[in-house]
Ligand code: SIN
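Quick setup: one chain, the form predicted on its own, written in structure tokens, and binding and motion questions come after.
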């Protein structure tokens, strides 16, 4: 699938992915012609008040950098008339329908790579200092103007000392632009950049995550440890061991048995495949879902399946591979007739009326869809979930 109207300034998706993705920056003037931010600063400030939203305040008053984490009461934010401060709000695509709609324009990259849409509001002179990120990012200017200076990945990655945010000690920009609303800058991982607001401004950062090998291993080994052991679970034993003359020495027999257990353990292919799908669709800890306000009987739910489209909630993450389907960190096996409709659901995030209406009310699929709907993971069209309302975490 290709996203409709990718915001690449006339450059084809194929050319962008071949020439720029993970290779070199791209400046797109007028990527969103006539763009007007669907979110105003007041809404951003309101999000920063919530304790279920990740937000940060970065100030550089009198050349002294400070970092605070939200939530922030209205009187805790500096005046908009004061220079040199920035408010960052993460995960806005899970909180606001218009932000989620904006993300659709970037679905020429797999959903499994998407991190979130972050909004940066800054007053004149505000920014986070020269830095580099380990992920791909599209920087869309949403309101006002921001001056960007960039440089290739550096040999010297020394950080400035005594700073609460990660800033490069040395930064020598090679290119510089002033971005206005609708302009967009793409940066691959590790490219140095420094964005400074020129007057009040808002920037939307659409980031694409890429886990490191260590991050993946830590998560996978923890997942394996949480699973119930398959088969017998032997415990170390040493009957008949003679008394030791060196109690501080690690016994050779004990070391040999424990090391053999560790070196001989191998994950199965099924464990690996299932974990990867769950891992890339697991929502962030700050993501909460809102269950429906009115519960439906099984018959009423079946009737709605027949005459209404199913929509994925803006917070829901989905993926599939082969005959496995993954949603919000859960997985299920796709039997023959279910593969096509559920794969299409993951691709377009919408299923037309009747696409799954043949599932009997006592079937596993019907029960699964009920659980997803009851948890707020999916909705019937039109979706009534509020754009900025509070929500509760729920999982089937």
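Positions refer to the first chain, counted from 1. Being a predicted model, the structure only gives us computed values, none of them experimental.
There is also a form predicted together with this ligand; it is not shown, and the following applies to it.
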> Looking at 306 to 314, 211 to 219, 146 to 154, 320 to 328, which one sits within 4.5 Å of this ligand in the predicted complex if you count heavy atoms only?
Replying inline: 146 to 154
> Among the candidate residues 179, 168, 128, 89, which is the single one with a non-hydrogen atom no more than 4.5 Å from this ligand in the predicted complex?
Replying inline: 128
>> Counting any non-hydrogen atom inside 4.5 Å, which residue from 205, 94, 84, 281 sits next to this ligand in the predicted complex?
In response: 205
> Heavy atoms within 4.5 Å of this ligand in the predicted complex: does residue 117 have any?
Replying inline: no
>> So in the predicted complex, is this ligand close enough to residue 273 to count as touching (4.5 Å, heavy atoms)?
In response: no
> With the partner left out of view, is residue 133 within 4.5 angstroms of this ligand in the predicted complex by any non-hydrogen atom?
Replying inline: yes
> Wondering, does residue 102 line up within 4.5 Å of this ligand in the predicted complex on heavy atoms?
Replying inline: no
